[in-house]
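Single chain ahead, written as structure tokens, the form predicted on its own.
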Amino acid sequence: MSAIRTLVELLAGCRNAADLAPREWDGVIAVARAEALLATLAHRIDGAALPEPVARLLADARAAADVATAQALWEAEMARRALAPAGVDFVLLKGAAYAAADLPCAPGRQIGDLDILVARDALPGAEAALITAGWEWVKEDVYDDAYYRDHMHELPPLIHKLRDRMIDVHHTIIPPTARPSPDAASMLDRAIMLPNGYKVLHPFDRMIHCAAHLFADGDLAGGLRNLWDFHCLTRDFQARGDGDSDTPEGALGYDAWLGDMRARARLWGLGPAVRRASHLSAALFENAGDYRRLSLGDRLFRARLLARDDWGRETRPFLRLAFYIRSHWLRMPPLMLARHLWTKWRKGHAAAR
């Protein structure tokens, strides 16, 4: 069995970590590190009987992830201190949101940039407040800056000049030029205030955003981690049972809640992304690798998600290229895509001279 399949089975809980031979751990660790899942795996199998070198390495991964989570939450606090005086309200997204809400996918999850969602009309105030507080632009190229402002779902990325930490300020969850059209204002209105004072997306929107980021706005690089997020988000609600949710929809029961969430996704054109995330999450993490019920399209996505060898290197170059092209096709209409690729090629060609 390939190392990445073994990793999936360990995460799913259908493989006993203590049964792995020492040489199998080399591949599992390599692919887990490549997929940014090493610390997640370390938390998932904490307490298992492991070879001493593996146990030490995973303990180090857990400790490093805990430090990174604390840093991410501190960065969220710095953003709050910068934006509050300007009256800019924001919602945490992705990894920082999972950590702030103490969700099951948070332990060990690698958190890169701080992602926040603000109202579109609040972007000028947010931009000015962050720059005043020490953030500065990463994209110095005029074309790239204009491309973000005119066509993307976020401001050009900012980095703090002292802490060297990135922040992405979103005004919606996928590019406005893409086919789906999620209602960011509705997401902001339905956001949930946590006891610690941070806002996170409503569970409906949290799952929709995760699925959209995975299947409607990207080339699936690092997709296994995002699919694990989706799996944990959905199973968390199911585990809490009927009426045990912190939202009114909890009283509906899991099946009715899931149906309402999918209806909301369909309204925004993201039904296919949520449906595919549900299918693949179930196939990889619940059904012990039983892929017989997957459609041909789902099987291609599964192949892309698992395209690594036992050294952690990416495989299936033509499939990866196809998904890279697909990611751009999803983000832009054909003429706009042609202009964008032509402009980027000319810039790269000029720089190479």
Partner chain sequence: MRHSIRIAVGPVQFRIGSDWAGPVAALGHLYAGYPQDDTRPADATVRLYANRPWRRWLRPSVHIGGDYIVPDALPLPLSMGLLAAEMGMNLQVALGWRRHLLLHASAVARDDRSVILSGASGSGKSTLAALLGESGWRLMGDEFTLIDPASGDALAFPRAVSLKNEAIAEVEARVGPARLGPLLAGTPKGDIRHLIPRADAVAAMHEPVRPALLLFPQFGGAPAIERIGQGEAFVRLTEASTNYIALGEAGFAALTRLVRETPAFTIAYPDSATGMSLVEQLWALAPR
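Note that the structure is predicted; figures quoted are calculated from it, not measured. Numbering follows the first chain given and starts at 1.
The form predicted in complex with its partner chain exists for this protein as well; it is not shown, and the discussion that follows is about that form.
Contact with its partner chain in the predicted bound form, defined as a heavy atom within 4.5 Å, is made by all three of P22, G27 and A30.
The closest non-hydrogen atom of V67 lies within 4.5 Å of its partner chain in the predicted bound form. Under a 4.5 angstroms non-hydrogen atom cutoff, its partner chain in the predicted bound form has V54 among its neighbouring residues.
Contact check for Q71: a non-hydrogen atom falls within 4.5 Å of its partner chain in the predicted bound form.
Proximity of D60 to its partner chain in the predicted bound form falls within the 4.5 Å heavy atom cutoff.
Taking its partner chain as it sits in the predicted bound form, the stretch 294-320 comes within 4.5 angstroms of it through a non-hydrogen atom at D310, W311, G312, R313.
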